[in-house]
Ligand SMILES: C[S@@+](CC[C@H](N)C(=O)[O-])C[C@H]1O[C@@H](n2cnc3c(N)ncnc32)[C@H](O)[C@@H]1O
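What follows is a single chain, given as structure tokens, in the form predicted alone.
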């Protein structure tokens, strides 16, 4: 049986790139992100002894533990690494570690300094960059991408405190560069004001551009699609979501992931760039 690779110990001279965030978290806050990966990118979870990283897990390691439980169900050899820039949070997480399948390390966006020659299949950086200045977002993403394998995914975004809604960017590493693949909107259908509520949790790169032409046009089209669904007498929030997605796909200039299993589970994956 092949032994899983272990992570190297980083040099004590390496300074973590980033700054501590508020660290607020809660159980199941990133469930919608974890499920999206299982539905849309399960092939990346099957890599033998693959490495996935949760950057900025917060004051408690809920998100990393839940990522491990959900994704290792697909692949027990998958290695999960939780990274935090706050030493106290890393110390608090250590009792939950189960090396080599689940580990916690002190670090920041310069993830490549932590894992050395190894590369990650998936990096998730969630509810972190929203607390940074807009001009700091792309440099942080670029730093994270150095630790990402060719063809791997970087997921960055924001959720509501409960995790009932999430909005996140999906990037793929292609030819050594990060390429934006999709802006994903996710819901558990319990919100009364869809899709407008998503405008409060957009990724940092978008929140100051909501008056730009493309975001305005997209949300107007999506709102119209919901109004049409409601006008047809559809009352179920899930069915409204599905009908609105179908209308947008057929009647707008925006491009979406058409996979039914995503739409029915509460995911709208926009492939057309808004910036």
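From a predicted model like this one, the values you see are computed outputs, not experimental measurements. Residue numbers count along the first chain shown, from 1.
Omitted here: the form predicted in complex with the ligand. The next part is about that form.
Across the options 95 to 103, 68 to 76, 82 to 90, 173 to 181, residues that bring heavy atoms within 4.5 Å of the ligand in the predicted complex belong to 82 to 90. Every member of the trio 21, 63 and 128 reaches the ligand in the predicted complex with some non-hydrogen atom inside 4.5 Å. Remark: residue 17 counts among the residues lining the ligand in the predicted complex, judged by a heavy atom distance of 4.5 Å or less.
Although the partner is absent from this view, residue 32 stays clear of the ligand in the predicted complex, with no non-hydrogen atom inside 4.5 angstroms.
Taking the partner from elsewhere, residue 50 is found to have every heavy atom lying beyond 4.5 Å of the ligand in the predicted complex. At least one heavy atom of residue 25 is located within 4.5 Å of the ligand in the predicted complex.
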